[in-house]
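What follows is a single chain, given as structure tokens, in the form predicted on its own.
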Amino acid sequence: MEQLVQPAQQILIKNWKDGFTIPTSRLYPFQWNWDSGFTALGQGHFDLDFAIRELQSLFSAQWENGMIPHIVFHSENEKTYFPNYDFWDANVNIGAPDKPKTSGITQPAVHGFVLERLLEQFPDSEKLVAFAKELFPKIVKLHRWFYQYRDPEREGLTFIFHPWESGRDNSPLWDESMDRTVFNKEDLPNYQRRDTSIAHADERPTSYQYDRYVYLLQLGKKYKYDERGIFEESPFLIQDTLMNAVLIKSNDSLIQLGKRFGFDTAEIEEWQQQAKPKFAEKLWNEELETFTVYDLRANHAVSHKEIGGLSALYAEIPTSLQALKLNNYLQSLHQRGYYICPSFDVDSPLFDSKRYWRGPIWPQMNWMIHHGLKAYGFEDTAAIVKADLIELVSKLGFYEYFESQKDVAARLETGYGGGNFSWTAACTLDLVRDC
């Protein structure tokens, strides 16, 4: 594993753009929200200043209402990506910063647990402690935005209105919502995708899906990215497992950090007292023996097994029996010849081991699941999850995501998506160093 350390570091150094890290060149030329969180974990192992500046740069784009956007466009001259800042037009919301420009949606709130992990690694760094005290209220402000603006019914579970917010852009989870997203093609603005000219089209979302992504983007812009109007009209309205599990995990981290620094954590504890049991009650699917997302527009659970349900392990939401069932599922996949964990149910006709979030392996998800399994004492399975990612990276390179079928992967020379990918390098580096 040690042979991966130096190339992982070099990727993170190469992707550093004097203040922030891009996920990979050409395909993603700006700063992405949850990418930066995981990237900071890797940077901390060889240059803590990089990790601090990474998070400082991301939070420089925080909106007045507390939201952290999913893309920060530090350069307004870079025109190779769609949708660019001018297409988002986030400044229709008066709370969006004029500089840097941003998108109008968010991503999983990983920042709380990232900050806690950095402090665990460098407990005596005065610079990191000072930075953590500065960042803490900004993360709290982000979480407050989630619960104030994305939980109008005050259930303790937040919603997303765009697949990109989930981080799992084209998961089959969203197919039903996407299919009921009806519009006239002529009403869409003209746009030109760039991702399929850089990566293989059969690894990317389809044109059908992309039209709906653009429609939902336009819907957000119509309401000036104000959640009240979006909540009333959007055909896509989901309480997502991954979004809420990550938020709950980061709540726990904020509570621990707040107690360390002597900060008032009563508000965060109040969120947590509602969110954690509500997640467990509403999102557990006894028939599938996993946690599933909930479609607020259709008022029913979306009954698919997929990787977001497993993220609950990292937030320590499942009971011991539920955790055992999730562990048994992962073990069965391992025994059937899959790297774990595929991003979607391998027994579903919708499974596609090559196309983005419909089946491949994702490094940052393996990182979370690995730590979640360890929290429940499933050391053997946690070791497999770690070893599978290390093996894929060793054989196929530091790619964005990977083939999940071992017999198919054996015939490949590379992974999928972008190469020299930052979060792959960072998560690999952190797992290697986590002895």
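Nothing here was measured: the structure is a model prediction, and the numbers come from that model. Position 1 is the first residue in the sequence shown; the rest follow in order.
Not on display, but discussed next: the form predicted in complex with alpha-D-glucopyranose.
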field: Stretch in contact in the predicted bound form with alpha-D-glucopyranose, which is absent here, among 114 to 122, 164 to 172, 86 to 94, 322 to 330 (heavy atoms within 4.5 Å)
entry: 164 to 172
message: I'd like to know whether E400 contacts alpha-D-glucopyranose in the predicted bound form, with contact meaning heavy atoms within 4.5 angstroms.
response: yes
- prompt: Might F20 be said to contact alpha-D-glucopyranose in the predicted bound form, defining contact as any heavy atom within 4.5 Å?
  reply: no
task: Examine D35 and determine whether its closest non-hydrogen atom to alpha-D-glucopyranose in the predicted bound form is within 4.5 angstroms.
output: yes
- prompt: Could you tell me if Q107 has a non-hydrogen atom within 4.5 Å of alpha-D-glucopyranose in the predicted bound form?
  reply: yes
message: By the heavy atom within 4.5 Å rule, which residue out of Y28, F46, Y376, F59 makes contact with alpha-D-glucopyranose in the predicted bound form?
response: Y28
field: Listed residue (Y356, F344, Y338, F73) with a non-hydrogen atom within 4.5 angstroms of alpha-D-glucopyranose in the predicted bound form
entry: Y356
